[in-house]
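Below, in structure tokens: the form predicted on its own, a single chain.
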Amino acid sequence: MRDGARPIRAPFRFGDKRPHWWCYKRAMSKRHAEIAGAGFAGLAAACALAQRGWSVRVHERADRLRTTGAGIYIYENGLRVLEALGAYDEAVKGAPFAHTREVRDDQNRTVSVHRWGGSRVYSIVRQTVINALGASARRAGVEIEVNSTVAGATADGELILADGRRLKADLIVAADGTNSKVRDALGLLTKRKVLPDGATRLLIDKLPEERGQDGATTVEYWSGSRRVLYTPCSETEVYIALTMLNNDDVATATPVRLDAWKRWFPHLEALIDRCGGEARYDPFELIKLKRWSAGKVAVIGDAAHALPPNIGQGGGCSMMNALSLAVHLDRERDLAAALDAWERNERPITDHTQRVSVALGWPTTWPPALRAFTLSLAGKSKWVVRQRTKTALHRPTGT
């Protein structure tokens, strides 16, 4: 038995005429995966692997399943993955259907309006999605171990924990975020760049007049290099993202400096007064790897391809690549061949998503007039719209 792995019983169905040795052999050949990290990527991979007959254990360093950030957009591609994993209904329950995004300039004038027609997109509280993925994973038989910190891994399939345990597996999945210990232990990182800007994210309660609205409109307000993004994300909550340049010490401060933000956005004074709760600031990052795998280790999510949130596809790409990893391993028994096919087929859409997300962040550093002019043109350009929606309209492997 693998170190720490659960005993595996031979599968048997009433009336099964297969010999007992066949059932025993199949049970003993059941593959085992150890997963570092219980975020979008790790839980999606755990669920997808378990649904395909793997025994799976997930290691989460926190004392419970939780996520950083506050709200998230999940587009058609990500929603298809949630459906395939059996987590869709729970994830979108109470979430508003997002139909419109407005961009407004420093004078609160509408610069552009983007409407999502022909495909689904929901704005959701991030913790709701994590809870849905966790429930689906447990239903599939996944073991989730909290207070379990991963310290590294070896290419021959050994996960190293901070408490000294070394767990052998047929597959190690590194889904442990931008600061991935597993990825760094294998020397896979080729580029890690802190981008010029970042965001403070928080949830605020809806006012009575904000409740009961049909769908959600996101409004992106600009003032200099700073933005306020307003996004209803549940029946009772609004997701607020404050973005700014990393060297803007006042804007990056937490708790949020309400006095400063009201000076920058006087027309949003009433909204900003509601932003005094718990908040977290994070700079945006770009991460690229030489390869997405090494030996028996696969790297997914932000550990492999972190990107800025300018087209809202960090979670979508993480879940797509987690599901497709399980699909390719199911199609091809040879691990090396399966991992090669997985990266060859799945990486191009992720690389495209990173390029577009980074490019759409460039206007943050531009003068307001140039930025407004560019965003107005971009909103009218069919080519730009195709580039930014390509990932959202992509049909993920396994769906």
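Keep in mind that this is a model prediction, so the values were computed, not measured. When you see a residue number, it is the position in the sequence shown, counting from 1.
There is another form of the same protein, the form predicted together with a small molecule; it is not shown, and what comes next is about it.
Checking Gly157, Pro96, Pro309, Gly86 for any heavy atom within 4.5 Å of the small molecule in the predicted complex turns up a single hit: Pro309.
In summary, among the residues Leu325, Ala153, Ile72, Val173, the only one with a non-hydrogen atom within 4.5 Å of the small molecule in the predicted complex is Ile72. Put simply, Lys296 is far from the small molecule in the predicted complex: not one heavy atom of it is within 4.5 Å. Asn131 falls outside the set of residues with a heavy atom inside 4.5 Å of the small molecule in the predicted complex. In the predicted complex, the small molecule lies farther than 4.5 Å from every heavy atom of Pro232. Among residues of the shown chain, His352 is not one whose heavy atoms approach the small molecule to within 4.5 Å in the predicted complex.
Partner contacts here mean any heavy atom within 4.5 Å of the small molecule in the predicted complex, and among 331-339, 54-62, 365-373, 344-352 they occur only in 54-62.
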